[in-house]
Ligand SMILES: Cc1ncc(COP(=O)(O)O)c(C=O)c1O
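First, one chain by itself: the form predicted alone, in structure tokens.
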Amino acid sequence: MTTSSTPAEARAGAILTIDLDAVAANYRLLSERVAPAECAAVLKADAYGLGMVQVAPALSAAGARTFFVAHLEEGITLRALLPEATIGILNGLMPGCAADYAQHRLAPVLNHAGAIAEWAAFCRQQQKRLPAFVHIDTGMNRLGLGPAEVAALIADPSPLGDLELLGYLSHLATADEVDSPLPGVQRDRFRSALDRLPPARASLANSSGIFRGAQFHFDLARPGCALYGINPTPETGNPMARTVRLDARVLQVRHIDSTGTVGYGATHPVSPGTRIATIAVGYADGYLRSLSGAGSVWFGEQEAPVIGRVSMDLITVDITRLPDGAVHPGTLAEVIGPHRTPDQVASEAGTIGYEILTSLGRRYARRHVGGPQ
């Protein structure tokens, strides 16, 4: 592929294509799997790097009614896109900002006793029961009410009477590890707390938790990564549709005619007869530096390994095995696509698919295809 369909794409070093129909299909698959429980959608980090402005309406059209983001500002942006949705703020109630949540009809996830007290006091001040979730920590030891706070809330749940309790949440730490016993332990701890607290909806399953079985679904599932094509079941094939493709442009083809090295640090030796393509993507674009000498790109059905270090703006790949003339300035190389999923790129980089997606750069020409018409 050497041409681009818009002037912006022609000017860009790389083109990121995001398939909104695939995102919607992933939501429908997950929703069917958790039924009769509700399936929410997590849109934090700009919809895991795919673009909240475009992704949120596509998910809403696919049937999503409850959404979660991490930050208050993300929630304010999402409210403008989805006026009628239920929106939970996972990072919770920012001190002194209760009025902002109320103004934009956002539900803080109350992560500690102090947050419950502050939100309850604000509700009393406003003489109105305002929505919120309560987070019960069952083993992550990150956010959420710890065991002592849960016990205190069980002993005196009266603060919950001042607010509109949308539900209790907890978060699985090892749902993607098929042999880990911790998800079952967390499920039982969660159920034990629920049995002693005032009744409300409950939510435990993340993307991988959904595939742990119905005993993890409760009333509301909260998938994130699976919506965007990351494999929620690493031990098996990926059941999710692929949602992104990244093509980066070749800037130059170099024919090596003397012994030397490539790139910063002179880490990769080259000899006469080697052909190198320099491609316009680097760690400033989310192509991680740890892919130096480890990643690869594809030209059609032929693979070309990354050689030398990934730099800020460029990578170099060995195209010696490709036919002479097959690659030239302007040719687009598949960086993520049919031959290299985000999970595979992540494996080569020593990380997880989440980081690959959320690191996708802002210098790309972004092309959203499909979605609501």
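The first residue of the shown sequence is 1; numbering continues from there. What you are looking at is a predicted structure, and each value in this text was computed from that prediction instead of being measured.
From this point on, the text means the form predicted together with this ligand, which you will not see here.
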item	value
Answer range among 53-61, 308-316, 40-48, 330-338 for contact with this ligand, defined in the model of the complex as heavy atoms within 4.5 Å	40-48
Every residue of 171, 223 and 354 near this ligand in the model of the complex, heavy atom within 4.5 Å	yes
Contact residue in the model of the complex, chosen from 292, 86, 296, 206 - any heavy atom within 4.5 Å of this ligand	206
160, 106, 145, 90 - the one with a heavy atom within 4.5 Å of this ligand in the model of the complex	90
